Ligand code: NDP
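Before any questions on binding or motion, here is one chain by itself as structure tokens, the form predicted on its own.
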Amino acid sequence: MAIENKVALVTGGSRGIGLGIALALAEAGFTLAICGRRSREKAQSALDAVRLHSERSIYVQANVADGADRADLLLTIEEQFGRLDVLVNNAGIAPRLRADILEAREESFDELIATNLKGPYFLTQAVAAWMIRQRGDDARTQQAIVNISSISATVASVNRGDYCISKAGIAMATRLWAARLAEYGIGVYEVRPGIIESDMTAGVRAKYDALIEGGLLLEKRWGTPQDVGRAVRVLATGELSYATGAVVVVDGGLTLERL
């Protein structure tokens, strides 16, 4: 099936990394469903940008942490398009307040786990069941699930332990779903961004500018949503074959061990 007949869902797809991913997939020919917690009005400019490349694309207001919202989201996609070929679990939040793990509160932990881990995990469960029904006996169908995690899945930040744990959970969820869905030919992958320009990192711009200047990265620049989008596009289109469960690190060399 041609890419232009395929549908991709990008959660948190109306800004930042999610919008970079949505645009990359729209440019590749996918019809996009993007979702987020913001109202349709606030997400309109993002949807307009996506529709420049994929005019049938839609925006759905949905919180992936909420089970009813997840069900309504998938129902809307089914009513609009009748199919779903790619899921990109991108929606995620940072702690409202960075706090040392000796002082961090349960409320922050619960919020981050619900949004960054529980929501994507059970959205994947529902989408995987749909994909299995959809593919039927056609083994040629190209389907993919891509989880956006973070270098924080393995790099410890003691002032945002809840975030690190949620992303480490996504890394394991990728392995679990890759193992479970392999028999159905559904590829499951993890993309692990490093320091990426977005509204989430705007508050620490000066800190990382100094670290980058001081040699933190091998590639001496901030990453962009477009960098992440290109990596996801390779996975979503099936250009990287024989690689389910793979982790694609997009971090400018930050986590490369070196002397």
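This one's a predicted model, so the numbers in the text were calculated from it and none came from an experiment. Numbering starts at 1 and runs along the sequence shown.
The next section is about a form of this same protein that is not shown, the form predicted together with this ligand.
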- Thinking of V88, V146 and G187 as one candidate spot, does this ligand come within 4.5 Å of a heavy atom in every one of them in the model of the complex? no
- Task: Using a 4.5 Å heavy atom cut-off, state whether N63 contacts this ligand in the model of the complex.
- Result: yes
- Item | this ligand contact at E55 in the model of the complex, heavy atom, 4.5 Å | no
- Message: How about D199 - does it come within 4.5 Å of this ligand in the model of the complex, if we only consider non-hydrogen atoms?
- Response: yes
- Taking the shortest heavy atom distance, is G229 within 4.5 Å of this ligand in the model of the complex? no
- Message: Please identify the residue among R51, K220, R38, K207 with any heavy atom within 4.5 Å of this ligand in the model of the complex.
- Response: R38
- Would you point out which of 121 to 129, 146 to 154, 175 to 183, 79 to 87 contains residues with a non-hydrogen atom within 4.5 Å of this ligand in the model of the complex? 146 to 154
- Within 4.5 Å of this ligand in the model of the complex: residues from 5 to 29 (heavy atom criterion): G12, G13, S14, R15, G16, I17, G18
